[in-house]
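Taking the form predicted on its own, here's one chain by itself in structure tokens.
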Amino acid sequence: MAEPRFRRYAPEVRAGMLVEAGMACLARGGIGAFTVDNICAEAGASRGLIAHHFGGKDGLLVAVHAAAYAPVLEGWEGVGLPGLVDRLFAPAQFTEPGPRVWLALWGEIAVNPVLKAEHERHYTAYRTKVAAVVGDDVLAGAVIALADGLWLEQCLAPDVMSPDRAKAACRMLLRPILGDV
């Protein structure tokens, strides 16, 4: 008897597999590689499962964004000023394929209204967490922008901007405003 073309999985397992496949496609080839065919081939799934679980490709992209944002939003309990920089540059955010996924997502956020709305929701939650530490919403946005810029440098030139160097630069720039961070 021939092997079935696709295996059956519990719905939540299959949905997770599709998210992981979407992340892998983004990491491998950017938004251009985020195609239904590529994702289904990566996940070993039929085309209809993306629509079934996510309503379509944009819905899956939103789920991938949520999965990428999860490490950014987790682990803020008890973070104060002394731990702020370490939290902003937590190693989980820099584990592959995360950086390449984020580079692809950032470009798409600017042109995809569905993804932009999802990003604004997560970014608001992130900014709220940082504001709780620094005591001001406007300053929180500036701190995130600084961290994002250093993170981007780290992604594009890791031999020049190491994680330790990025943290040192962030501390140096924030010290006059926040003291020892």
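This one's a predicted model, so the numbers in the text were calculated from it and none came from an experiment. For the two forms, the rigid core is made up of the largest set of C-alpha atoms that agree within 1.5 Å on superposition. Start at 1 with the first residue shown and count on from there.
Keep in mind that the form predicted together with another copy of the chain is not shown, yet the notes after this line are about it.
- In the predicted complex, another copy of the chain sits within 4.5 Å of a heavy atom of R165.
- The closest heavy atom approach of G59 to another copy of the chain in the predicted complex falls outside 4.5 Å.
- Remark: F54 does not count among the residues lining another copy of the chain in the predicted complex, judged by a heavy atom distance of 4.5 Å or less.
- At the 4.5 Å threshold, heavy atoms of A66 stay clear of another copy of the chain in the predicted complex, well away from it.
- Proximity to another copy of the chain in the predicted complex, defined as a heavy atom within 4.5 Å, singles out one entry of I144, V134, C40, V114, which is I144.
- For the three residues L18, F34 and A92, a heavy atom within 4.5 Å of another copy of the chain turns up in the predicted complex in no case.
- Contacts between stretch 135-155 and another copy of the chain, counted in the predicted complex as any heavy atom lying within 4.5 Å, involve V138, L139, G141, A142, I144, A145, L146, D148, G149, L150, L152, E153, C155, listed in sequence order.
- The Cα shift for E96 between the shown form and the other one, taken after rigid core superposition, is 2 angstroms or larger.
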